[in-house]
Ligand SMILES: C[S@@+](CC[C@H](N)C(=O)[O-])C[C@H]1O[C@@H](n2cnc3c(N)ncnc32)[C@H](O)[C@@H]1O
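To begin, one chain is listed below as C-alpha cells, in the form predicted on its own.
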C-alpha cells in the first residue's frame, strides 16, 4: 500500500485522469507486474521484438512517438534512443520511470502528458449522468489533435487500445443501468484511436489485446472473448499470448490470458474504410 501511495503522488497526470480512474489503473498495473513479473516476461519480450523490428525498418530517423508508454515495461526505450533523434513517450499518466529517462537522456527523451482519446476533459466535466450513446458519441467525435511532439516518423500504440475507453467509462456517472455502457465506450474510443493512427504520415505499429481468455489449471480454454474483431481490425501481422493474471491473481478457478496482436501500417489504415 505504501508503494502505491508514493507512486500516486509522484506521477504527472492529465487533469481528468484521477477523476476517471486512470491514475488508479496505472498504479494497479505497476502493482500487478510486481507480483507476477515472471509470467509477463514473454509478453514483454514479444512487444520489444515487434518494436525493434519496426524501428529497424523505419526509413525516417527523426522522431518516434510511443502512445501508452506507462512504465515502459513493453517499450525498449534505449534501443529507440539509439535509432532516433527524439523519443516521445506519451501517456495520460507519466510515471517517474519516464521522468528518469528524461533526466538521463535530456536531449533525446521527452515525456508528455497527453490524452489519446481527446475526450477526457469533456467527460470529466460533464454536468450530469450520461447514457451509453451520449458517452460513446463523445469518444467517437473527439479530436485528440496533432501528435504530441510533432508528426513522427514512427508511431507506436503500445498495448493501450483496450483500456483507453474502458477505464474512464467505468468511472463515468451513468444515466441508467446499462450493461452495454462500458462496452460501447471502449469500442468507440478504440475506433477513434485507430482512425487517428491511420491518419499519420509515418509508419505505424499498433499493439493491442486481440482477445481475453480464461484458461483452466489443466490448460483447457474455458472462454474466449474477442476484442478487436468488433472494431474492424483484420488479423494481426503477428500474435502472442500474455499471461496477464495467473491463478489466483484474477480468479482461483482460471488463469486470465490475453491474445496480443501487432498490426503494421496498412493493416491499421484498413479500419478507416471499415
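Note that the coordinates shown come from a computational prediction; the quantities given were computed from them, not determined experimentally. Residue numbers count along the first chain shown, from 1.
Beyond the structure shown, there is the form predicted in complex with this ligand, which is absent from this document and is the topic of what follows.
The single contact residue among 170, 102, 178, 71, judged by any heavy atom lying within 4.5 Å of this ligand in the model of the complex, is 71. Just one of 194, 138, 164, 132 comes within 4.5 Å of this ligand in the model of the complex, counting any heavy atom, and that one is 164.
Among residues of the shown chain, residue 22 is one whose heavy atoms approach this ligand to within 4.5 Å in the model of the complex.
In the model of the complex, residue 92 approaches this ligand with a heavy atom inside 4.5 Å.
Contact check for residue 142: every heavy atom lies farther than 4.5 Å from this ligand in the model of the complex. Among heavy atoms of residue 114, some come within 4.5 Å of this ligand in the model of the complex. Remark: of stretches 195-203, 103-111, 151-159, 170-178, the one touching this ligand in the model of the complex is 151-159 (heavy atom within 4.5 Å).
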